[in-house]
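Just one chain is shown here, as C-alpha cells, and it is the form predicted alone.
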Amino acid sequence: MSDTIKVSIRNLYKIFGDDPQGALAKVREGMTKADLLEQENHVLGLNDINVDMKEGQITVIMGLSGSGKSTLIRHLNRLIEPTAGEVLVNGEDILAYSEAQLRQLRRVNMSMVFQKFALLPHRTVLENAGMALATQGISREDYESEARKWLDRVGLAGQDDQYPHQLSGGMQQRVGIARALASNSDIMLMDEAFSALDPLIRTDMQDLLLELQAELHKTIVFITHDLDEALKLADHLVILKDGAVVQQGEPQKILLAPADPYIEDFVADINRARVLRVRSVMEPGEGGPSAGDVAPNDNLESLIARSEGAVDRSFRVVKDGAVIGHITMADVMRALVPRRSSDESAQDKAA
C-alpha cells in the first residue's frame, strides 16, 4: 500500500451566507457553529479541515446529518468553492485551476458515484456505463468494449440493452460503479453510494467494492453515516461533527482509543468482537505455549470460538509463514471492554 499522498486538504473552511469572509474572521476567533448562525445568520459548513488521503487507499468520511461530509467531498472536484484553504491533488492546488483544467479533472482524473444513482433514464445500461468516456469525445464504437468489460466485472453481463427503470436499485448502482470504473480515473468519489439500498444488497455492494479495490488500488473517498460500513471499508477514517474533524486515523485504532465522548457514543453499540482484528490487539514475539496459529486479519469473534470457552489460551499470529506476534484470551477480553477518552487522559497524566 502506497504512502504517497494523492489528495491533501489543508485548513479548509466553508461558510454559507452573504458575507462569508466576515464570518470567517469570527470563526477563527472561536465562534461556534450555533453562535455563528444565531448571531451572524451564517452557516458554518466546514471548520479548518486537514486531511491527507493516500494513493490506493479508501478514505471514509463519516458523521451525522449536517456534519459537513457531503459538503467536504464536493470541494474535491470544486462543485463547491471554499471560503478559505487548499485542496491539493497530486501536489497541485486545484483552487488555482482554470475552467479547462477543471473539466479535465472532472472528466479524467476523478469519477463520482452518487447516492441516487444519477443514471440517464433514456439511455441504455451500456450507454450509461460509457457516459464518462463519451464526454471525453470517444465514439460509441470505441467505448463500448470498455464499458461492457466493467459491466461484466460488476455482475451485469448481458444487461447492455436494458434501461435503468428495468433494473433493481442494486443493479442500477452497479451501473454507476461501472461508469466510474470505465472512466479509468485515479480517484473515485462515492457520496452515500450505498445508503439507498436494502441491507443485504448494501452488503453485497460493499463486498464488491472491496473485491475491486483489492485488484485496482484506486484512491477512493467514501461518504457514509453508517459506522459499520465505515469500519468495513476504511483504510483511513475521518469523523466529522459540526463541520470539524473530531478524530481521524486507522479505524481499529479509533475503536480501541476514542479521543472524544462524541466518538465514544458513536462506537458504543458496535459488535467489537466482530470488528476488531487480531493485528490490532496482538503483542510482538512468540509468547508462551500456543494453542494454534491465527492470521492477523482474523476477527476476535473467530478467536473466541476457537478458544472454546477457555480463558487461559494463547495463539501465535502468523503471516506469510512467519510468526509476527501472539495474542492471549486475556488480551481479547480487555479489547472487548470499551475504552473511554477520559481513560486515555488519565494515562497521559500518569505518564
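All residue numbers refer to positions in the sequence shown, first residue = 1. Computed from a prediction, not measured in an experiment: that's the story for all the values here.
Just so you know, the form predicted together with a small molecule exists too; it's not on screen, but the next bit is about it.
Asks: Among 286 to 294, 47 to 55, 301 to 309, 65 to 73, which stretch has residues with heavy atoms no more than 4.5 Å from the small molecule in the model of the complex?
Replies: Among the listed stretches, the partner-contacting one is 65 to 73.
Asks: May I ask whether 78, 97 and 102 all come within 4.5 angstroms of the small molecule in the model of the complex, judged by heavy atoms?
Replies: No, the candidate spot makes no contact with the small molecule.
Asks: Could you tell me if residue 33 has a non-hydrogen atom within 4.5 Å of the small molecule in the model of the complex?
Replies: Within the cut-off, so yes.
Asks: Wondering, does residue 318 line up within 4.5 Å of the small molecule in the model of the complex on heavy atoms?
Replies: The answer is no: residue 318 has no heavy atom within 4.5 Å of the small molecule.
Asks: Is residue 43 close enough to touch the small molecule in the model of the complex, meaning at least one heavy atom pair within 4.5 Å?
Replies: So residue 43 counts as contacting the small molecule.
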